[in-house]
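Shown below, as structure tokens, is a lone chain in the form predicted alone; questions about how it binds or moves come after it.
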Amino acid sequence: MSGVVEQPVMRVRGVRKSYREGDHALEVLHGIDLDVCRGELTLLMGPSGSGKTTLLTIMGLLLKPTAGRVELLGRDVTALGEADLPAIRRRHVGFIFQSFNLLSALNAVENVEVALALQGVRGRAARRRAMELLENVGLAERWNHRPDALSGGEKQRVSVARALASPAELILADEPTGNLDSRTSAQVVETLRRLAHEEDRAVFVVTHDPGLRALADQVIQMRDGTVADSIRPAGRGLVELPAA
């Protein structure tokens, strides 16, 4: 008897993106196919100029593809108008940035509470939930420290907690370890991996750091605007799968 296959949180099919440069069209993405699933940490890797940021921006519903389809929870979101997208992003997509984007005047728990307020959670309920999220990322004891008193890795973990303050099924991270040393980078990505597994979220991370590959459930390699290969850990090694 065959089991039920759960649909991906996000499915990208045949996505292309081009820009006009005078009389010419510059194509950045050339028919991207990929799936992002619950409970998995996916790394998107590739050299500068390979189209990673453009793809992430499309997946975050901040940019429309020139052609192709993006499905979020089984719904074709490329067909939606601009007026519909902010509410979809707010409920279903969380963002983590390289620059942290924390409010300097607020301490760690207050930064998380700001994100909860956007979900309508305030007061004691917000404080309780914010503390739970900081505990999940190992920062419960640093709750009352402002960003200038936190290390780079601690700031990034606060930004992870803030992203998880929303009910978003899809978490997108753009070079979240770009300003961190290798040891701290591994700690942050391990936090993301653990939260993907424990909270059943789909976590999608753009990174240049090859040292993080061993922590991922899936590694997608981009080259010249295409998916060059997709790799999944198998036992101690890595098995290459043909690109979709």
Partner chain sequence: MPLIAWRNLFHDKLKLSLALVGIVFSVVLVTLQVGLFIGAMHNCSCIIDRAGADVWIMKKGTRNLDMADQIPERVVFQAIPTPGVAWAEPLIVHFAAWRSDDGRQENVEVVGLRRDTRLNLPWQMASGDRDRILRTGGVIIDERERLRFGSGGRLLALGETPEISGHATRVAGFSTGVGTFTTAPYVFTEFKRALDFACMPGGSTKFVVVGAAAGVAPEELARRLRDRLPEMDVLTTAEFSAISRDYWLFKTGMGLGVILASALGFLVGVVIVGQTMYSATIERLQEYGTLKALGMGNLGLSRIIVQQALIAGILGYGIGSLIAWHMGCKLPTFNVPVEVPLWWTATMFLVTVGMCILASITSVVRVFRLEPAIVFRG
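Numbering follows the first chain given and starts at 1. Because the structure is a prediction, the values reported are computed rather than measured.
The same protein has a further form, the form predicted together with the partner chain, not shown here; the description that follows concerns it.
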{"item": "Interface stretch in the predicted bound form with the partner chain - options 70 to 78, 149 to 157, 129 to 137, 88 to 96, non-hydrogen atom within 4.5 Å", "value": "88 to 96"}
{"item": "Thr54: touches the partner chain in the predicted bound form, heavy atom cutoff 4.5 angstroms", "value": "yes"}
{"item": "Any non-hydrogen atom of Ala125 within 4.5 angstroms of the partner chain in the predicted bound form", "value": "no"}
{"item": "4.5 Å heavy atom contact, Asn144 and the partner chain in the predicted bound form", "value": "no"}
{"item": "Contact of Ala214 with the partner chain in the predicted bound form (heavy atom, 4.5 Å)", "value": "no"}
{"item": "Partner contacts for 92 to 107, taking the partner chain in the predicted bound form and a 4.5 Å heavy atom cut-off", "value": "Phe95, Ile96, Phe97, Ser99, Asn101, Leu102, Leu103, Ser104, Ala105, Leu106"}
